[in-house]
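Only one chain is given next, in structure tokens, and it is the form predicted alone.
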């Protein structure tokens, strides 16, 4: 049986922001809790949301008082988060840190600080990055410095794995041939998943109109320029095609200008930002889902659309070719002419009734399941807990491998971090920390609530003492019962 662990998911990207990383962290955490593990979330503040919050099913979230600077990411500061993370990780008796996303500064800082407390680390990379522009070079160097200390790395696709291995320098000298490099054995591929019941196909409408749905951040990276170039051509070639575009971003103005220029107000509907709970209803309006991304590590929106019964047209980039069977998707090169060709092909398939939405849903339901993802992640955790812990001297040696310029800088940061930690051990001793001594036990709580409903003697008082967690309506119900 899997050992019960206390796990801290750390990332700048979490609810109330909406996105693929946020949803991944929440669903993975919820399924790990259902498997008996204790899971907490550590993220930065969102507006007035600071402190501790609770989400179902018994998921505790720490919102640290750090402000984001851009795209919900905080400024890399290395040391400012140490007092907060040290207190939280110790008081929650954390065994393992699981950081998410390359652009999450607080995730990298959690990996840097964890070894000081003997806590093991796992990192999941959700995106693809280049190697040429200044932003990518700096991000990759920061990623490489963090992954020198991590115990295991998870990627959401095989393409993402290759990208992360190169960016994070996750290779070492081969035992058989010292002149060759081999990928480290602690790099895994575990895909995203979805709750298939939330994306059921709707009965087809009796109409000759074919609706193409786009749900995406309206940014350059998502290929919105390609959409702007091809949408007027598609509308001109197919009078029965209607576009529904959901999302917000810097390219929204250009989309509006394109619609005005070609007088397509009645053919192209812009929904603005769409909440995750409304995605299914938006997908239900369409027959074809269109994705024009220039780079994509996995593409959860594509998976949700296919599960909802839509035929998918996508650019052949990143890990997208790994997601769906060939008969559920048409690929195009990231240029306007080929996207027009792929859309024309998809319209013919849908118009001829060659795509079965219900069969597609059943296939996707079998392929992707959060329970399987949690089980595979558990196996990674188990290997990490049983593996040898990296000593400080080995961490310094690995850090120096970053290069003649970055190596000494990050080594100094590592040493200063150790000295700062020793200062905190003296300034705020561990015995003064308010440790968590009781946990919310779902099974016991459900049992006692069932006894309350049946009017039987209940052990709810004992559960309250052990968990110290109860909502006001539930408390009032207990008082009224007594």
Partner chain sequence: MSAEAENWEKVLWKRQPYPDNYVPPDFLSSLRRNPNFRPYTYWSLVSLSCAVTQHLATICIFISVFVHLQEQLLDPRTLIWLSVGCFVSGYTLWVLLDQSQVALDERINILKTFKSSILIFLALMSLSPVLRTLTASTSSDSIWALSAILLLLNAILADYSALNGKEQLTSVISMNAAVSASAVLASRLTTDIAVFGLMLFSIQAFALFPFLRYRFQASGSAVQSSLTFGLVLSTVWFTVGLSWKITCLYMLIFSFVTFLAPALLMWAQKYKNEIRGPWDVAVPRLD
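None of the values given here were measured: they were computed from a predicted structure. Residue numbers count along the first chain shown, from 1.
Beyond the structure shown, there is the form predicted together with the partner chain, which is absent from this document and is the topic of what follows.
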Any chance 129, 158 and 191 all have a heavy atom within 4.5 Å of the partner chain in the predicted complex?
-> yes
Heavy atoms, 4.5 Å, the partner chain in the predicted complex: which of 235-243, 400-408, 221-229, 384-392 makes the cut? Say which one.
-> 221-229
Residue 162, heavy atom within 4.5 angstroms of the partner chain in the predicted complex = yes
So in the predicted complex, does residue 357 come within 4.5 Å of the partner chain, heavy atom to heavy atom?
-> no
Any of the heavy atoms of residue 298 lying within 4.5 Å of the partner chain in the predicted complex?
-> yes
4.5 Å heavy atom contact, residue 261 and the partner chain in the predicted complex = no
Which one, 340, 199, 84, 368, lies within 4.5 Å of the partner chain in the predicted complex by heavy atoms?
-> 368
Among the candidates 76, 204, 250, 325, the residue which, in the predicted complex, approaches the partner chain to within 4.5 Å (heavy atoms) = 325
For the stretch 279-318, which residues lie within 4.5 Å of the partner chain in the predicted complex by non-hydrogen atom distance?
-> 294, 295, 298, 317, 318
